[in-house]
Ligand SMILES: C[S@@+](CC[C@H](N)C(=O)[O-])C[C@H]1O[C@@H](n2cnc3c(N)ncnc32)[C@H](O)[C@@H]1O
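This document starts with one chain, in the form predicted alone, laid out as structure tokens.
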Amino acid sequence: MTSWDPEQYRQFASERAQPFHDLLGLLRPGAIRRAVDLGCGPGELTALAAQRLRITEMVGVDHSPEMLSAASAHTSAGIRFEHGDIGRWTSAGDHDLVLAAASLQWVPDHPAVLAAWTAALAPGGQLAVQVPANSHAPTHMVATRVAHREPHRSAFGEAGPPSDPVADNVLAPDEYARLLFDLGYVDIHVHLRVYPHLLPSTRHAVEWVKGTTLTRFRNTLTPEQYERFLADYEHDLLAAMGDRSPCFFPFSRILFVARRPDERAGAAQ
């Protein structure tokens, strides 16, 4: 099982939160009785969404025991958290909102997953998803190069280094738009946005990805092997990006929101 460090992930919390706020801002206003946050992480943003959107019943789902332990602090009468695989999650057409922020990239076959999430939505229900689109960034490309270089390549064994889930799984914005149309959605909004973060230094970019994309290496290597990998990664990343203070760190993300047609409203007209 993949191990996550909530405190490492919480670094740069405000920068990570901005796309979440933007995603919520794309939603159509209205009462939300039942919602789910798939890949809820440490739970702060789940609770924020429940409060901001006045959600009656919000469930956060995550596969990481560490994240769920941190999220438990945000449990309340209307908010609870549970263990689950977001790639297999669905429900019987009884949700007003399915939300997934920076989590869908970790699972393959997005057409099948989004079809299962769509089945969970009631008529008029909304889907809101945000995924990184930065596999082309130095932080990701350098990680792949270092992982395939000795001695690290051998340290991963016969299976080799784990691949980049963003490169493997995330679709192009127009592909998501067509997929949402084929799934029967209306009011489709798909945005590719570059977030212009300014970090204190290039080394802070290493801290950023230690909480996200580098977890796939940390969970595969021994602590000693990972520390050696991390040292080589930092050396090569500083060579690629420059040892800068401050460091401009653009981060590309895809945000999409869409609504299932409300057949009840159509029948009433």
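The shown structure was predicted, so the numbers you read here are calculated from the model rather than taken from an experiment. The first residue of the shown sequence is 1; numbering continues from there.
There is another form of the same protein, the form predicted together with the ligand; it is not shown, and what comes next is about it.
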Item to check | All of Leu27, Gly93 and Gly125 within 4.5 Å of the ligand in the predicted bound form, heavy atom check | outcome: no
Checklist entry - Among Arg216, Arg244, His63, Arg33, which has at least one heavy atom within 4.5 Å of the ligand in the predicted bound form? => result His63
Checklist outcome for this item: Contact with the ligand in the predicted bound form, heavy atom within 4.5 Å, among Gly84, Gly78, Pro173, Pro162 goes to Gly84
Item to check | One stretch from 145-153, 94-102, 177-185, 190-198 that, in the predicted bound form, holds residues within 4.5 Å of the ligand by heavy atom | outcome: 94-102
Checklist entry - Using 4.5 Å between non-hydrogen atoms, is Met67 touching the ligand in the predicted bound form? => result yes
Next on the checklist: Under a 4.5 Å heavy atom criterion, is Ala133 part of the interface with the ligand in the predicted bound form?
Outcome noted: no
Checklist entry - Does Val107 reach the ligand in the predicted bound form, with heavy atoms at most 4.5 Å apart? => result yes
Next on the checklist: Using a 4.5 angstroms cut-off on non-hydrogen atoms, would Leu237 count as touching the ligand in the predicted bound form?
Outcome noted: no
